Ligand SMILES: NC(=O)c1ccc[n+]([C@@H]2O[C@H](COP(=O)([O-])OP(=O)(O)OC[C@H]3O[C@@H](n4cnc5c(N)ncnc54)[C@H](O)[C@@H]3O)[C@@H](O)[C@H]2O)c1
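Only one chain is shown below, in structure tokens, and it's the form predicted alone.
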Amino acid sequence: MNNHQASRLGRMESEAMSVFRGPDHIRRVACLGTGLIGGGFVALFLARGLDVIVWDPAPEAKRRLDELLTTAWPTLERLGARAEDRGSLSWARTALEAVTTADFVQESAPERIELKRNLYAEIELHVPTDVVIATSSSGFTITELQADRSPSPRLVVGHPFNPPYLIPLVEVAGAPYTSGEALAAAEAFYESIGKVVIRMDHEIPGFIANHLQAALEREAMHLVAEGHATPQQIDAAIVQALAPRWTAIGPCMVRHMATVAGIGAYFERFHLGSERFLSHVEPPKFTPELIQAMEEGCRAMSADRDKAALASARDRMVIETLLAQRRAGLSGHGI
């Protein structure tokens, strides 16, 4: 067991008796905001049989949510949702009305920090004390969101990827003062509705997946701006090369499997700066600490399987992805 695994196990044991409502006690979810992210969460919660009370002051909010649910429901049915299990949907006249009877609060207001801060100041005293408040913020940290007020230990990041009813990932994070029990309760709730949770050990602006996405998008725009590639070529490179492989393994395991001796050998063969021409941002220093972290992480993902077993599992997943692309009628560049 590596240090990260041991730390996580100890953290889970210490949080076993939570003061916050867990999945078994969450029946009613308040959703504040019904845009693409908030509305996507509404669709997911309904599909999992939860009752949802929503609040959104925008004049077109009801029409917009109805359209989103109409689009999302066939997709959710293909993933196993049943109409007879669908939760109920109701509208609140105010944010206070929405949160007062909630077992979990998912805030998905527009990404404007003052708006979010004002909303928390308005609702927090009215949310039951054992209920977690999660924000869908895609960039603001909890520390930033509470910089102007007394910190709340139960406000956590619950950042999804769009659309939330389809993409599995949710990133859970908090400030140094955030309750570990609140983080654990949020993690357990999201997992109970089928999400794959990355629980971060500490917060950073943008979290993890957005950093990775931004790096790829930044390089794509550099290639176009410098005349090296067209958008069509870039999307073809993603859809026909990176995406099928990344459905099975991520970039860390790609490196690990590319050498006979594993990812440690990569750092021996490629010294600092050797791949600078592939990026507009200078790569990190290959410190012993970085190499150790990469080796330990890849060993954990390998789960004692040899390279042949890993390659076979990867190939099966890539084949299924390629066949799915054919069935969906994807062009060479994607949709």
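In this text, residue numbers run from 1 along the sequence as written. All values derive from a computational prediction rather than experimental measurement.
Beyond the structure shown, there is the form predicted together with the ligand, which is absent from this document and is the topic of what follows.
- Here the chain stands alone, but in the model of the complex its contact with the ligand, taken as any heavy atom within 4.5 Å, falls in 159-167 among 159-167, 215-223, 184-192, 72-80.
- For the candidate spot formed by 51, 101 and 127, no residue has a non-hydrogen atom within 4.5 angstroms of the ligand in the model of the complex.
- Among the residues 58, 308, 290, 300, the one placing a heavy atom within 4.5 Å of the ligand in the model of the complex is 58.
- Contact with the ligand in the model of the complex, defined as a heavy atom within 4.5 Å, holds for exactly one of 249, 109, 105, 142, namely 109.
- At the 4.5 Å threshold, heavy atoms of residue 30 stay clear of the ligand in the model of the complex, well away from it.
- Though the partner is left out of this view, residue 115 does reach within 4.5 Å of the ligand in the model of the complex, counting heavy atoms only.
- The shortest heavy atom separation between residue 233 and the ligand in the model of the complex exceeds 4.5 Å.
- Contact annotation for residue 173: none of its heavy atoms lies within 4.5 Å of the ligand in the model of the complex.
- Counting a residue when any of its non-hydrogen atoms is within 4.5 Å of the ligand in the model of the complex, the hits in 23-45 run 32, 33, 34, 35, 36, 37, 38.
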